[in-house]
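In the block that follows, a single chain appears as C-alpha cells, in the form predicted alone.
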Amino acid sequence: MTDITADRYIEIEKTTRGRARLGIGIAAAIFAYLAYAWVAFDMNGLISSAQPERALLLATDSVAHKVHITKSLRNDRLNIAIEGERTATYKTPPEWIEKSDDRVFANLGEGYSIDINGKSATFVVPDYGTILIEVVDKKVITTLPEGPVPKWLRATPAKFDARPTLGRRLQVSKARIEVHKYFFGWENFFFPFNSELNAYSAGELISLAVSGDRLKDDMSNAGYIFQTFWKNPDWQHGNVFIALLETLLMAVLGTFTAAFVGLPLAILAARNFSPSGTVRFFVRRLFDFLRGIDMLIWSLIFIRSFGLGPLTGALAIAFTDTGTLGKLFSEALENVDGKQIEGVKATGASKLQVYRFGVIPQILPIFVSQGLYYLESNTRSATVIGALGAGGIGLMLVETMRTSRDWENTFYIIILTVFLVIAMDRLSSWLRRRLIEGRKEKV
C-alpha cells in the first residue's frame, strides 16, 4: 500500500513539474514574441515620434470651432470668419473684437488679449507677461519677457507661433497675422452662416413652421426650414444621409446575395447531401478561394473592373461572404439529425418535401443567425470598403479626414456610422428572435 502511494506521489510530482515547465515555456515564448514584436515594429521610435498634443488638438477640433482673425500684411486686408471660411465671414465683428482703422483688439478672455496695430501684434499672457511681435524688413522680430521661454511658444525670424492655452493661438509671419479663438460646439450645424433662420430660437422655429405667414412664397415655412437644414453646404446633411443609405445598401445586398448563392453551393459541399466527392472537393476549394482573398482586395479588383459605386462594395461583400457562409452552411448541413429526415421520408414525402420538412427546420436557426450576424458585421465592413473608393459613408469619411479643418465633420460622420451599426445590431437581434423563437425581444 505504501509502495503504491509513493509511486502515485512520484507520478503526481512529475505531472506537476511537467505542467509547471510547460507554463514557464509558454510564458517565455509569449515574452519572446512580444519582445520581437516590440523591436520589429520599432515601438521605441513610434513612442518617441508620437505627438499627443496633435491628438489633443484634433480632439478639440472635433467638438469645437474657432474664429479666425486674419490680417494680410501685403494689402492690409482684415478678415474675421469662422474656421477661416469665406462663406462664414462676419460683416460686423463679434462683441469680443474691437476694430478701428488699422487697429484690431481681441479680448480672448481670462486676461488674454491681442492688440494688432499695423504690422505688429501685442500678446498679453497672464502669469507670463506681454509679448511684442513686429514684422520689419520681411523678418519677424519678437520681444519676450525676461526668463525662460515657455514650451508653448516658438519664435524664429520666419514665424512666430504661440498657443498658451488650447483655445487661444497667435501666428505671425512675414505675410500675415492670424488669431484663433475656440468656442465649444459645432458651428452652423443646422443652418448656413448667412441664413436668416439663425436669428430664431428653437421655440421660434417651431412656431414659424406652423405659422401661416410664409418666409418664401413658393414653399411652406416647414419645408423651407427642412430644405435649408438638408442642403446645408457646410455639413451636407442630405449627402451624408444618402451616403449612409449607400453603405446600408452595400451591406444588405452583399450579405443577401452571399446567403442565397452560398446555400445551394453548401448543399453540394455537404458530405451527406452530395454523393460526388469530386463535386464536394471543387466546391469546398471554391469556398476557400472566395474567403481566402480579403474583402478589401476584392473591392480593389471590382473598383478597377466596374468603377466607383455601391455595386462595387456589394460585390466585394458578396464574394467574400459566399465563401464564409457557404462553409458554415455546409457544416450545418452535415450535422443535421438523420432520424428526422428518415421520419419525413417514411411518410412518402417527395425529395422537395424532405428538404422542406426534414432539413430546413433544423438548419434555419443557424442560417438566420449567421446571416443576420454577417449583415451586422458587413455594415461596418461597408464603411471600410467605401473608404477605398466604393462610395458610401466611408468615402465621405476619408474626404473629411484629409484636412484637419473638417475634423468636426469627421466626428459627425463617425457618430452617425456608430448609430447605424447600433441600429443594425438591434434590428438583427430583433429579427433573429422573431424568426427563430417567434416572439419579440425586449429591447
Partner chain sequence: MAVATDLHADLNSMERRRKLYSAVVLIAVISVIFSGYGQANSMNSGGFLDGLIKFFDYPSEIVIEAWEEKLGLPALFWKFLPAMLETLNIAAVATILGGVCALIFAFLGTANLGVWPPLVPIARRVMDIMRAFPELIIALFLIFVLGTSPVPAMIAVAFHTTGALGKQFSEVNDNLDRKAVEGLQACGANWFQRMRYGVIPQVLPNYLSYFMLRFEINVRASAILGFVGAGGIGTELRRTIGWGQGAGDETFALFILLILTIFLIDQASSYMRARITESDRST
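Positions refer to the first chain, counted from 1. Being a predicted model, the structure only gives us computed values, none of them experimental.
As for the form predicted together with the partner chain, it is not shown, yet the points below apply to it.
Is Arg168 part of the interface with the partner chain in the predicted complex - any heavy atom within 4.5 Å?
Judged by the heavy-atom cut-off of 4.5 Å, Arg168 is well away from the partner chain in the predicted complex.
Would you check, heavy atoms only and a 4.5 Å threshold, whether Pro310 touches the partner chain in the predicted complex?
Flag for Pro310 set to yes.
Would Ile414 count as touching the partner chain in the predicted complex under a 4.5 Å heavy atom rule?
It does: once the partner chain is placed as it appears in the predicted complex, Ile414 has a heavy atom within 4.5 Å of it.
Ala32 versus the partner chain, in the predicted complex: is there a non-hydrogen atom within 4.5 Å?
Taking the distances in the predicted complex, the answer for Ala32 is no, it never comes within 4.5 Å of the partner chain.
Spell it out for me: taking the partner chain in the predicted complex, does every residue among Lys66, Ala88 and Leu205 have a heavy atom no farther than 4.5 Å from it?
Zero of three within 4.5 Å in the predicted complex.
With the partner chain left out of view, choose which of Ala175, Leu144, Met219, Ile297 has a non-hydrogen atom within 4.5 angstroms of it in the predicted complex.
It is Ile297.
Just give me the single entry in Phe256, Phe282, Trp96, Tyr128 that has a non-hydrogen atom within 4.5 angstroms of the partner chain in the predicted complex.
Exactly one listed residue reaches within 4.5 Å, namely Phe256.
Can you tell me which residues in 52 to 83 come within 4.5 angstroms of the partner chain in the predicted complex, by heavy atoms?
Sequence-ordered list: Pro52, Arg54, Ala55, Leu58.
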